[in-house]
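Before any questions on binding or motion, here is one chain by itself as structure tokens, the form predicted on its own.
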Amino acid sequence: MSQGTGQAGSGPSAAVVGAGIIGVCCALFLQRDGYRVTLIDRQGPGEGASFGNGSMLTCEAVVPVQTPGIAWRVPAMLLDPLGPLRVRWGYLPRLVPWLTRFLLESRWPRVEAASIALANILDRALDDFDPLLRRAGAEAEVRKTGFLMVYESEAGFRRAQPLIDLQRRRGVQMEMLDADALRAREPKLAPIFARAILYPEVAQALDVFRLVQILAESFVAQGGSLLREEVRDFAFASDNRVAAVLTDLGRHACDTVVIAAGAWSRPLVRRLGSDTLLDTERGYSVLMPDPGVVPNTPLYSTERGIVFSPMEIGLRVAGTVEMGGYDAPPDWRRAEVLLTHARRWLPGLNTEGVERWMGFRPSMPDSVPVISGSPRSDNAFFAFGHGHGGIGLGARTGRLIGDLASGRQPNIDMAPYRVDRF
């Protein structure tokens, strides 16, 4: 990919750190506002968490990960290495501050508040992609497919009722399906499901890695500069404003800086005088390039914590959460669990040539992303911590960062997304 010149326009300069879906969208919206934007990442566009995820743009995801009663399940997380939510013993001491806040945020009043905050940024979030996709000639890369939440047991469906009610309070559109209606809609599925919920407004990227690359190419074509460098520090002016981004290869002066480095954002935020309880969820996926049998609609199971996503490049099964930091090697048994469920759900599935992947989701303990100005430097902005919802919230986050950086008042209350909210 060409680096571009970075000299389009005559407005102020901006440096965006991070070239995943969030960073690329922030760069594009700043560019629309007349900024001369440099996008910096040690990896290529989309090569981080954007690469191997489930590709869903989930407008129904108003239920945070932390929910009432989860405290009672923490011992099981520590004991079951293959469960849908796992904490590695060796990482537990470092995770204690994050986990403590996570448990505090699992009380119903806090869950309700997090749900409202998620609903506010998810509302019409897909619309913000439209100008970016049109400019890139990529309208066909995202399609509205709907989404099926499936339940293997009536007991599992009953346990989910408080969370379904939470979605109803947020105005999420849904349609209840019994076992017969599900079989009529998804005849290739094994007849092992008792219930399902159809969310008709959910969209999907045909290939999310390709989508991020296309958007990055559009950014470069409009004069943006794309640098493959590792950001290590910042230079400051006498008034605490950021004067330059310092990388392993050089110094890049800027009038504005945005930190959108996903799970790697916390050290950079500290350099800018703030801290945050950001941690990483290690997520796994498997891709079957020639599955032979695929569902008609993307599927998700809260009981198993996995998503089935039919894509142009094959069938991807993704999910589970492992809290274990960056350094521990992948536990590929967790990918094998995904394959086990895939074979059980889709009889006749071809798993030859399967590709396994593990990535790092940037996770906040209240499941609400940071979309915020810096309390210390008034020309620094933060956009990270999107957890499982980064793809769908990419364009909305970019627009909100554009508003904050340009001094416009966003159309929602931004307090729930502040970096210093805890």
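The first residue of the shown sequence is 1; numbering continues from there. In this text, all values refer to a predicted model and were calculated from it rather than measured experimentally.
One more form of this protein, predicted together with a small molecule, exists but is not displayed; see below.
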Checklist entry - For the chain seen here without its partner, which of 225-233, 191-199, 340-348, 172-180 has a heavy atom within 4.5 Å of the small molecule in the model of the complex? => result 225-233
Item to check | Contact flag, Pro369 vs the small molecule in the model of the complex, heavy atom cut 4.5 Å | outcome: no
Next on the checklist: Is Arg42 near the small molecule? Define near as a heavy atom within 4.5 Å, in the model of the complex.
Outcome noted: yes
Checklist entry - Do Gly402 and the small molecule come within 4.5 Å of each other in the model of the complex, heavy atoms counted? => result no
Checklist entry - Can Tyr284 be called a contact residue for the small molecule in the model of the complex at 4.5 Å between heavy atoms? => result yes
Next on the checklist: If the cut-off is 4.5 angstroms on heavy atoms, which of these, Ala49, Met364, Ala395, Leu30, is the one near the small molecule in the model of the complex?
Outcome noted: Ala49
Checklist entry - Which of these residues, Cys254, Ala318, Leu148, Ala216, gets a heavy atom within 4.5 Å of the small molecule in the model of the complex? => result Ala318
Next on the checklist: Check for me whether the small molecule, as it appears in the model of the complex, comes within 4.5 angstroms of all of Tyr35, Val258 and Arg408 - heavy atoms only.
Outcome noted: no
